[in-house]
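Take a look at this single chain in structure tokens; it is the form predicted on its own.
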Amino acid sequence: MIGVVKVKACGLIVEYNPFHNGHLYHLLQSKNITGADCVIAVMSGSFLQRGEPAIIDKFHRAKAALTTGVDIVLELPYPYAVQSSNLFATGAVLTLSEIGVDSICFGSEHGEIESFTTGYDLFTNNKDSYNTTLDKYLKEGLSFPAASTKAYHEIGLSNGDIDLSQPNNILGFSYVKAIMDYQLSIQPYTIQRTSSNYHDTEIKNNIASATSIRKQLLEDEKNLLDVSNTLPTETVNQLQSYKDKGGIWHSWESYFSLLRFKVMTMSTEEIASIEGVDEGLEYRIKDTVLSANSMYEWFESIKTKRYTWTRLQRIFVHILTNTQKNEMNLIKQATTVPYIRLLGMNQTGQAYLNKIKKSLDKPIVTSYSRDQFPMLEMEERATNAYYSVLKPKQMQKLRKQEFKSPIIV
């Protein structure tokens, strides 16, 4: 870990898919609450926590964030990014710890940090009971999120102030849990989400959910006018820039033909080796490939109470990237991240890195290389899969950023 640093750094755990006015509010409030001199965001790369392709690539999203007030953007490694809340939070918190943040500020439905920290104590004291109850509900066929919510409730965690059925409360609790479990010198803060809910699909005012913004963009790809009031100007610019260079905004449907081909040419044994595929799901995936006419139809034909839409999306990302269970098992056992991937920075971020870089324990990585970390090899596969739906010249041009210096705003 790094030594004492006079500059106060606040960490944000983000996806910016895309960076919208709610994210700007979170950024400004985080600076205000923590008194941070430098704000460092660790951001999912090509694919996101709920198992979706990012609407535009990591570099255009990073540039929008840096131009709008974030000082440093790091990439959350793919093996952590496309995972359930606990592993997602672990990777993000450990990355921010390695870069020296002394606080993390996250958005939540609850909005008061005390309930998260006292909730951690309650969870720790009742961990065996939680695990037993969780296992019972999983055996009854419930999905992990549903079983986990019930297990939290039965140990008293959802009986108080904090509702752990809400998506941002779940993530926030996972962040606090990671900080406490690893005994990190990071102070957690939270701010309450405003105006829109995480899963809202309709735009109601100028602070809208990323879900509703993407829905509107993908339904009406001809212009950005219908969503521009929900986005900072630079996000509008970067969305248009990526569309001009790549020809599309990414969605699951972009990958349907590729995934159908992959599944049709894989054996059931090969599908069974993919991260997340359990309990004979490989047969269900294989049996439905020829009858589906879209990714939506395919997910609907496989989805069950236990295999939720989100879980299936993650599995299909892992099929796309050929992410094996044996690779992920090694990462799940790790207690630290092997490197820090720098996507971009502004002048404040540059000054911060110059000040602390000699005391960092982990190397800062800015591009892929021949002799790279196994985790970075997985990242490169994810990048290649993400760009694979573009035309060759577009893919080659956009992929070059992976081998250039980080973005400097």
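The shown structure was predicted, so the numbers you read here are calculated from the model rather than taken from an experiment. Don't overthink the numbering: it's just position in the shown sequence, from 1.
The same protein also exists as the form predicted in complex with a further copy of the same chain; that form is not shown, yet it is the one meant from here on.
Asker: Would you kindly say which of N32, Q347, N384, Q372 lies with a heavy atom within 4.5 Å of a further copy of the same chain in the model of the complex?
Answerer: Looking at the other structure, the residue within range turns out to be N384.
Asker: Just give me the single entry in W309, Y182, Y296, Y283 that has a non-hydrogen atom within 4.5 angstroms of a further copy of the same chain in the model of the complex.
Answerer: Looking at W309, Y182, Y296, Y283 one by one, just Y283 meets the 4.5 Å heavy-atom criterion.
Asker: Looking at the partner-bound form in the model of the complex, is S254 within 4.5 Å of a further copy of the same chain by any heavy atom?
Answerer: Heavy-atom contact with a further copy of the same chain at 4.5 Å: absent for S254.
Asker: Can you tell me whether Q333 touches a further copy of the same chain? I mean in the model of the complex, with a 4.5 angstroms heavy atom cut-off.
Answerer: Contact check for Q333: no, nothing within 4.5 Å of a further copy of the same chain in the model of the complex.
Asker: State yes or no: in the model of the complex, is some non-hydrogen atom of L390 no more than 4.5 angstroms from a non-hydrogen atom of a further copy of the same chain?
Answerer: It does: once a further copy of the same chain is placed as it appears in the model of the complex, L390 has a heavy atom within 4.5 Å of it.
Asker: Within 4.5 Å, heavy atoms only: does L171 come near a further copy of the same chain in the model of the complex?
Answerer: Heavy-atom contact with a further copy of the same chain at 4.5 Å: absent for L171.
Asker: Can you check 110-118, 78-86, 258-266, 140-148 and let me know which stretch has heavy atoms within 4.5 Å of a further copy of the same chain in the model of the complex?
Answerer: In the other structure, the partner sits against 258-266.
Asker: Whether D287, Q324 and Q396 jointly form a contact site for a further copy of the same chain in the model of the complex is the question; each needs a heavy atom within 4.5 Å.
Answerer: Yes, the whole trio is in contact, each within 4.5 Å by some heavy atom.
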